[in-house]
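Look below for two forms of one protein chain, each set out as structure tokens: first structure 1, then structure 2.
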Structure 1
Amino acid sequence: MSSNKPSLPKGTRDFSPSEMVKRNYIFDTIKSVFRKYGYQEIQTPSMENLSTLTGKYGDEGDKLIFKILNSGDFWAEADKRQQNDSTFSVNSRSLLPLLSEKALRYDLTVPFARYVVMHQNEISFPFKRFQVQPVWRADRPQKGRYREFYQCDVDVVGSESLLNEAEFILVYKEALSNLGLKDFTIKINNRKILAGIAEVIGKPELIVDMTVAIDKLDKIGFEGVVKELGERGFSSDEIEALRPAILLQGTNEQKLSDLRTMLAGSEIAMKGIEEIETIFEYLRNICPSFYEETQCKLELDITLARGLNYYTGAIFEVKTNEVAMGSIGGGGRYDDLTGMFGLKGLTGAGISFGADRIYDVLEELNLFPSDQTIGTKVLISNFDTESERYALPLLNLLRQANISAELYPSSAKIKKQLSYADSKRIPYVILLGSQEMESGILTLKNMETGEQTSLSFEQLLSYLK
């Protein structure tokens, strides 16, 4: 490519009309489920103060935040600082606030926490909100991974009830089923159980290393996990003690019962186990048939570790079993996210749908409905200035009747006008030339069958409605 040709920043994409139709189908489906469960929509700015975002996602996460360059001459500013303040030394850290004080949002959860703190006086708790907006991450793109992508989040703050967690599972099930997915698994775990395991083997401070390692079980196998645990500072005795937890088998009930025995000495683990059981019980009471449906599997998975930097209770992750793709959703409970912004004692929980990955999945499985692509329903052909003048009021009447219509804007060859209708998949064309103007009877062409019928305008209106 020569250098003067335009290109896109790495990991970003244009969305053409046909793609937007499909994307809106996903957003509309998910949003309508959110609304049905009582969540209200908000939006927040694309950019936040850098200080709002840093330190919330861990060291790895902080590196992936897109920072926005300040306007102005940071170098001159640094000079001035040095002259006025002898303790000011020029290095990457001291320069950063001069270089950048804003950043693109990395997810929707932290901006939401910021929103809650700033609007606490107008919010009545518990506050159930949903938010569908793009987020940006500066990592290397690959399959199913973009630098700009949309998240669809639902969160509730100010409610400890595990009913919220149970409802998240139902939201996942309903939204993904409505999108046509036929085999997906919602994995659930609890940070408290993980903490309990780390406690029982005597390494509570290594909980993050432990979970990062066992999270890779399905990818690198048990031997790989053992190796990684060793590298992360676990002795072979401790690894041996972890074995039964990592290799937990059976139904959710069996797993819970095994965990109860295994972690009997840990108060926090018991709390986590009880929480999972309560969630399951809510589900049974809300939806007795939940476990009988085959398309959506709910699986307690002790190796599931996510966003440990702020989750404190339940953790969720959703995967489709129909195509190879990373997770298409995730979430959990975070007890003190607003605490970072000075509002203590407010618990929250939420889940997220990865719309771009869901798009890729639906595309691969050919699950987009075909009737979604129709925009304009009828095109009025344009033979000459006279027929154009004749067509204008008809165009208006069609639109007043709520029929999506357009008039070809110039008297190009009919061949070209029909090709245009064809490429836009417009199902009907009104042929309007001297014959039609004389008789007042219009010719309606069905673009799919090629059939042409002669109709009065009134007949045509009721036909197209």
Structure 2
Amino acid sequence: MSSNKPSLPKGTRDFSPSEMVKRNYIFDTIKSVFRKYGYQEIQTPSMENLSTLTGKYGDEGDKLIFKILNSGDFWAEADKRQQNDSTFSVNSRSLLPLLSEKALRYDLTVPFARYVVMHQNEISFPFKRFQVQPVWRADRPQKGRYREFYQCDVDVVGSESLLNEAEFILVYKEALSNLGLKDFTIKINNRKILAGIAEVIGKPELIVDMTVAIDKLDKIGFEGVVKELGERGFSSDEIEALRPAILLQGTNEQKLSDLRTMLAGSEIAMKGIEEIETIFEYLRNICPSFYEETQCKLELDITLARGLNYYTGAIFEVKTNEVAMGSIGGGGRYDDLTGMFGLKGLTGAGISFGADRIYDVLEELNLFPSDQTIGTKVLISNFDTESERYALPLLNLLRQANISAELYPSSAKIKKQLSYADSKRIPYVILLGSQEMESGILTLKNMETGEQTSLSFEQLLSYLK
């Protein structure tokens, strides 16, 4: 049997014990904020029926769905279909149901909508849930962009109140501040405003093409957006009419005022502007100091489009200003998502944290707390059978006191045991020799300073706590 060189699929990663401690620090910090705002945790399967996912993310998103190959001889099934159905032709579209009926989830929002519809008789509305699980996208891997990554989602369904959107802004502010970020921007827009812009320039049927193009402003610049709009069917006059909206400047209040003038003829745009103003008013009432704080900036950005087709109201995107990184969060309102699964008239809204990008940001800024890297806190040395027997009750008592402890599993020279403690970054080692066993006074070695202290077991417990 030939041996293969071990490797990972591009865009995926292993996580070491020290990395998992840091990742769990992110998850636990974010989850604690979710719970504070009244959200409860659920989980959904890694795979969904392909029909559940397709058609929810737009054409570009659908291309990035990882499909799962069916088991069995699909080619024989295709031959059978062709023999029994003269209209059946073999092509990529007709073969897809035979090749794949399931897919890895692309995000957590669509599976959540499916969950709500399937469990509607078991849950109370408004239903507030959070979910922290991996998702998969067949994207081109690059810095901060992976094919397998975790999302931390928080959603509410069954409530039209814009208080939810205001609280999402506060959730972002609190969670990211708790993680140590000191300069980040929460961008907000409304899909109704974008629909109004498309309406005013006479291209309501091309709203998706318009939003996909202008959403790339940060990446390709205005001239690049102009080129893409032209390729998507917009005339030079229509593009020129878009210019003031795309290049809107000033404070949030100035932008809203300009939009009211610019889009006065669009009823749907006025509705979107009113929704933004209501969210801002909620923020002022809940947290009067919000606009005075410097680490979190709230910016109305008309070019923000959030390419996913299911958004219908306010939309969000979060970026850190401390390092070069793409968005570390985003979301919005989706009034008709559950309708795709047969449950009409149920509005929803939600946001997501990009945990993997947040990890990279915290790592680059050295923001992980030093004590978060500790796994085992104390190692008990093991020199012979007698010391091992003496150590076992101590090991149990340490663990009962909620102190993470381990006993070196076999007798060995002290150098080897200390090297083991160093490799695992264990901060303390109990040196257990004949003198310690006779006197009951234990020697505790600080692995960072090298200092050794003699302590009774009671003093040791107090010290380690």
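Computed from a predicted model, the values in this text were never measured in an experiment. Rigid core (definition): largest C-alpha set, two forms, superposition within 1.5 Å. The first residue in the sequence of structure 1 is number 1, and each one after it adds one.
- Form assignment for the chain places structure 2 as the one matching the criterion, namely the form predicted on its own.
- A displacement of 2 angstroms or greater separates the C-alpha positions of F457 between structure 1 and structure 2, with the rigid core held in common.
- Annotation: Cα of L217 displaced by at least 2 Å between structure 1 and structure 2, core superposition.
- For M20, a C-alpha deviation below 2 angstroms is recorded between structure 1 and structure 2 after rigid-core alignment.
- Core-based alignment between structure 1 and structure 2 gives a C-alpha movement of 2.3 Å at E436.
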